[in-house]
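Just the one chain here, laid out as structure tokens, in the form predicted alone.
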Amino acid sequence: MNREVICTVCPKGCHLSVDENLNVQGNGCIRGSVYGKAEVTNPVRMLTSTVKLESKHLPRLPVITSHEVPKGRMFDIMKEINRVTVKAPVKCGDVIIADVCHLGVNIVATRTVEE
């Protein structure tokens, strides 16, 4: 049984076919082969979102994970993000949630808000 995957490593967007033995076909480069195998065995993503912000100017603060996280844990991470309210001032790169869901990954601010 083959899984069809579209590679997102580069802008080419190769259509990959990965079989049960993790043989990858359709990749235009070696990175596509690595991506195809990883996507079938342990898919990971960067997660971007926003948290509530107490500020005079903005209601939400954009955040991102410091590293890729397992795709299957996205909803758990979002539950934690939705529980948080941050008070300005905040600097870009500040850790908003440390070790979210015990994954060894931080949620960090991607914008500076003075007040």
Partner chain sequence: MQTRELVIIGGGSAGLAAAVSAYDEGIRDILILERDEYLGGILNQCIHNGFGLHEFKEQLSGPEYAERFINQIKDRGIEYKLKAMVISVSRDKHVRYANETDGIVEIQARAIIMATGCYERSAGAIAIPGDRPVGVITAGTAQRYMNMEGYMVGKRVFILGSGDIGLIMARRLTLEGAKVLGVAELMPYSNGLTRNIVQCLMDFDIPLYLSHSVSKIVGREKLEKVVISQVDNTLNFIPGTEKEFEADTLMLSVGLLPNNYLLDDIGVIPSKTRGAIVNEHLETMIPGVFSAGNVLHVHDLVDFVSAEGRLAGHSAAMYLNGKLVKTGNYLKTIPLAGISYIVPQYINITNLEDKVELKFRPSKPMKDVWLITKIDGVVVKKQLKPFLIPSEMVNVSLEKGLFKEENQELTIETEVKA
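Numbering follows the first chain given and starts at 1. Bear in mind the structure is a predicted one, so any value in this text is a computation, not a measurement.
Just so you know, the form predicted in complex with its partner chain exists too; it's not on screen, but the next bit is about it.
Colleague: Could you check which residue among 29, 88, 74, 38 gets a heavy atom within 4.5 Å of its partner chain in the predicted complex?
Modeller: Only one option qualifies, and that one is 74.
Colleague: So in the predicted complex, is its partner chain close enough to residue 66 to count as touching (4.5 Å, heavy atoms)?
Modeller: No, residue 66 is distant from the partner.
Colleague: Might residue 2 be said to contact its partner chain in the predicted complex, defining contact as any heavy atom within 4.5 Å?
Modeller: Output for residue 2 is no: heavy atoms all beyond 4.5 Å of its partner chain.
Colleague: Residue-level contact is defined here as any heavy atom of the residue lying within 4.5 Å of its partner chain in the predicted complex; does residue 42 satisfy this criterion?
Modeller: Looking in the predicted complex, residue contacts with its partner chain do not include residue 42, since no heavy atom lies within 4.5 Å.
Colleague: Residue 55 versus its partner chain, in the predicted complex: is there a non-hydrogen atom within 4.5 Å?
Modeller: Judged by the heavy-atom cut-off of 4.5 Å, residue 55 is well away from its partner chain in the predicted complex.
Colleague: Report yes if all three of 47, 62 and 110 come within 4.5 Å of its partner chain in the predicted complex by some heavy atom, otherwise no.
Modeller: Per the other structure, all of 47, 62 and 110 touch its partner chain.
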